[in-house]
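Let's start with one chain on its own, the form predicted on its own, as structure tokens.
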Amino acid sequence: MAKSDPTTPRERYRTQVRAEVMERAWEQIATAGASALSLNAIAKHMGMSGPALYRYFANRDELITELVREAYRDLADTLHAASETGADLAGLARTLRTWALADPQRYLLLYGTPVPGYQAPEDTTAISQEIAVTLIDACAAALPPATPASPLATHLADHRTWAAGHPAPPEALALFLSLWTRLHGVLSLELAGHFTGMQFDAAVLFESELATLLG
């Protein structure tokens, strides 16, 4: 059997519909959160029946997976591009914050409260690992010579399976984990609105945490 031509009108229409479904899904997530995502509501908004929409996405989880892939891919490409143009670790951290603030729902889908009942497939983990590699590389480059081993670095010398074979020294892995957890903590609180009414600049807090980590 001959392979279907992805450039046929049918395939172009399918690609167009899937793109519109994802666009409507992002709008719905921005309004009600990912846990409230509904294919039937999207279908109604697009003037389609529910069963018709299921020809493009088999279920809610398949749609969420595509959104997660899209978000991870965009963040991975954004950080990689910044690194290629000379951004150091501080520059990459600021790039991460700029990316998150530009589209909070995209960030929160990746790093916010998990969607009940949803389990991301393995390939999304592979994309997220690209993000980690870019940041670990920058952490290794940022380490001063003869950095003394912290208790965390000592622990990571024998607990580094999560780094997927990255050759960085344990001190760089320790810096990455500290950066990842502390900066995501600030970003998650900021984007979830927990600083609202506290009358301070979250950007200054972010820079303070960054300076402490790199100091």
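A residue's number is simply how far along the shown sequence it sits, counting from 1. The shown structure was predicted, so the numbers you read here are calculated from the model rather than taken from an experiment.
Not on display, but discussed next: the form predicted in complex with another copy of the chain.
Note on the partner interface in the predicted bound form: the residue among H45, H159, R69, H166 having a heavy atom within 4.5 angstroms of another copy of the chain is H159. Taking L135, A142, A82, L110 one by one, only a single residue has any non-hydrogen atom within 4.5 Å of another copy of the chain in the predicted bound form, and it is L110. For the marked spot (S35, S178 and R182), a heavy atom within 4.5 Å of another copy of the chain in the predicted bound form is present in each of the three residues. H194 belongs to the set of residues with a heavy atom inside 4.5 Å of another copy of the chain in the predicted bound form.
Residue contact with another copy of the chain in the predicted bound form: S188 places a heavy atom within 4.5 Å of it.
The shortest heavy atom separation between P121 and another copy of the chain in the predicted bound form exceeds 4.5 Å.
Residue contact with another copy of the chain in the predicted bound form: Q16 places no heavy atom within 4.5 Å of it. Counting a residue when any of its non-hydrogen atoms is within 4.5 Å of another copy of the chain in the predicted bound form, the hits in 122-156 run P151, L152, H155, L156.
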